[in-house]
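There is one chain below, alone, in structure tokens, taken in the form predicted alone.
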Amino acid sequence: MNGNGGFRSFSTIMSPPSKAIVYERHGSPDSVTRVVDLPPVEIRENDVCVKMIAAPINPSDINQIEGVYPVRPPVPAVGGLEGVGQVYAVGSRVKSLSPGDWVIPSPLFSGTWQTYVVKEEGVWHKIDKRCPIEYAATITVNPLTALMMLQDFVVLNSGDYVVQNGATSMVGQCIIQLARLRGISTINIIRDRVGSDEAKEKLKALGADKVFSESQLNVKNFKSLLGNLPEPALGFNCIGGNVASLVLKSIREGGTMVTYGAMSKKPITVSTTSFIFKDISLRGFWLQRWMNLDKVKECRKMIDYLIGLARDGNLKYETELVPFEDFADALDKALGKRGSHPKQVLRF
């Protein structure tokens, strides 16, 4: 109250109304998601209102909606864990960001599939506007995973080799390019399917040293295919089952296999000899565990490095920008209902 006994007046800043993709229960995303109108939200003194520019549909988004992801926001919830936006308005105490800045969520949070997002200043990271939006929107989940796995498990030197399955995935493509920048060579395993020869050439154009199909390696004389290449100290597995065994077979004594996905939904089977005589280590990687708050500064430095590579054309992968209104079509493609498609990125 003021000295005259009246209430001090102040103006509340509100966000514009927003359109959002919401799910009210867990289940298949094509049956439980819908586009809804959300009312304006108050922008408090430490808040930043961001107008989203683009956001991808990642497997982790789909798993979260299905209810099988370890992190589950309470429903009803807005989908999406990643994206890029432009600062629309800031609260009175916000100092590090201004309207017009480009920002991404760091650390990641749920709810990027909406036209306006209001969150406190600390969760937004300002990035270089010269980065193409499809890379800015997708830089954290897949490229950051690739970069962290290359540097966090084994000390690699120029001339070393790594081996991976799922090499055509976005993480796989990033591993090839990020390894090459450090003088590290890659042995890459891809699925047998129509167009696999074309896929091999695409990976080689990104810098892959060796590319094999699964059937090529599923033979007794597996090692003869690799010739006198140095045995990899580090392997990456995102598939599981027999294809994980192909990675394990090629790793050198004392080497490490890092698992970051399970596309086949089959367990990893390891021979006793791999443990006893080769002393193989099996590790797991989950980005969200790593991106806890005490790692924010380190994460953001790595993101800036990746943004710079993408901006300068030194990190490439295929994406498809899709208007937000066409979410249902983009979701069908992301769910694999229409064959193989590049990463679907919603454009707001």
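Small disclaimer: the values here were computed from a predicted structure and weren't measured. Position 1 is the first residue in the sequence shown; the rest follow in order.
Below, we turn to the form predicted together with another copy of the chain, even though it does not appear here.
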Q | Residues Y69, V270 and F285 all lining another copy of the chain in the model of the complex, heavy atom within 4.5 Å | A | yes
Q | Of D37, D279, D312, D294, the one that lies within 4.5 Å of another copy of the chain in the model of the complex (heavy atoms) | A | D279
Q. Which one, P107, G91, G111, G240, lies within 4.5 Å of another copy of the chain in the model of the complex by heavy atoms?
A. G240
Q: Considering only heavy atoms, tell me if R289 and another copy of the chain come within 4.5 Å of each other in the model of the complex.
A: yes
Q) Does at least one non-hydrogen atom of E201 fall within 4.5 angstroms of another copy of the chain in the model of the complex? A) no
Q) Counting only non-hydrogen atoms and a 4.5 angstroms cut-off, does K266 reach another copy of the chain in the model of the complex? A) yes
Q. Is the gap between E253 and another copy of the chain in the model of the complex 4.5 Å or less for some heavy atom pair?
A. yes
(Q) For the interface check, one of 254-262, 157-165, 115-123, 82-90 should have non-hydrogen atoms within 4.5 Å of another copy of the chain in the model of the complex; which one? (A) 254-262
